[in-house]
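Okay, here we've got a single chain as structure tokens, the form predicted on its own, with questions on binding and movement later.
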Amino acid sequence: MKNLSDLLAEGVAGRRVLVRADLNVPLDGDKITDDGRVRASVPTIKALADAGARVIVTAHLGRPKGEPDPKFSLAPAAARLGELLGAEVALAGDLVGESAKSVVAALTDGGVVMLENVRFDARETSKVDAEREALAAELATFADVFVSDGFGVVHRKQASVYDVAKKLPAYVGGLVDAELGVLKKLTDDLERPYVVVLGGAKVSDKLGVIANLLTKVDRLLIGGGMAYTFLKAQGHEVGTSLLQEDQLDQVRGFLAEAEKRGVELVLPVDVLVTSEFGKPEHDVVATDAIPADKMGLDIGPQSRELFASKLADARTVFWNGPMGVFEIETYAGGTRAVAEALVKSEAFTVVGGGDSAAAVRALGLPEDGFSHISTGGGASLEFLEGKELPGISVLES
């Protein structure tokens, strides 16, 4: 793949560069609550602008239904990007319409503009190749070259990620390049013991990655909502905790496979339980003594110590998914304990995007305490699952 350095070496002054960024930030109204993805997009955009390129940013936010929706406007992202760049970033009122054409036409060397949410056009996510290609062709009229720098979407076969890369000379951006380098280190060049910590709500979201990791890891720690399906598969009562009954046979298979391969699969030994979701009043109980009328919302103090001890000798760690409902302070302790154990660790530590990355920032932990914090949870997991990432394969081809 040609990368950003190659493009800069060729020269970009006066050239129009379409950058696919990932600006899918969480919002509270029109206020960004975590600007991590915007900050991560800055180095590539700034390098291009500083070299005299005319930069056109395209990105998505949320899940609009293929039509304009004010609550998913990229206006907050454009404003924040402008603050970080120290220069105004004009936002077009549409994606490929008259406003976009006007904004792009007004671009000068070193300037940056942003097109409105690419998912306001249903063709972006269409399963019909011709529809995606038509949108990609319209986007391509705005630019001379394309830079793919939205790692959080490279696992999607979408118009602004995949199809436009076939319409223009295409380069991998600095962010995506760095993310791939880290993930390849997790698969091709890792030090052992290799420990993976998985959390989050559903086992079904991580079936493929668990199956693949069981052939590679030395130790697998399971927390979060998905742990209760593992506990149930072992025969424990889990009360009203999050449970995927339809995954029990699959999970029993994982338990058997881990034992067969000598992989240490570690589950919580105690949890914080309550009678109602989010209720601060709670009890700490052993995982073999969860009351039938209560739900677990975080791993308990013994589990936190156990997980930290299982991370202490690791040389490589990948963490994806919180250990509990970290958004509620009462149930943030498990996630904090794992994060703090990684900060103390001398291992190569990777936080696998999504809620884990959000938790690190929400809990006020130092981002430089980790070797790498990914911007793409889904893309990271699919890479570790061994799946082809369309947004990468198109650049390689």
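None of these values were measured; they are calculated from a predicted model. Numbering starts at 1 and follows the sequence shown.
Not on display, but discussed next: the form predicted in complex with adenosine-5'-diphosphate (ADP).
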Against adenosine-5'-diphosphate (ADP) in the predicted complex, would G173 count as a contact residue? Criterion: heavy atoms within 4.5 Å. no
I'd like to know if F254 sits close to adenosine-5'-diphosphate (ADP) in the predicted complex, meaning any non-hydrogen atom pair within 4.5 angstroms. no
Just to confirm, Y228 within 4.5 Å of adenosine-5'-diphosphate (ADP) in the predicted complex by heavy atoms? yes
Taking heavy atoms only, is V147 within 4.5 angstroms of adenosine-5'-diphosphate (ADP) in the predicted complex? no
Sole residue of L107, A178, A258, L242 within 4.5 Å of adenosine-5'-diphosphate (ADP) in the predicted complex, by heavy atom: L242
Heavy atom within 4.5 Å of adenosine-5'-diphosphate (ADP) in the predicted complex, from candidates A79, A140, A312, A201, belongs to A201
Report the stretch among 260-268, 119-127, 289-297, 209-217 that approaches adenosine-5'-diphosphate (ADP) in the predicted complex to within 4.5 Å, counting heavy atoms only. 289-297
Heavy atom within 4.5 Å of adenosine-5'-diphosphate (ADP) in the predicted complex: which residues of 324-352 meet that condition, in order? G324, V325, F326, E327, G352
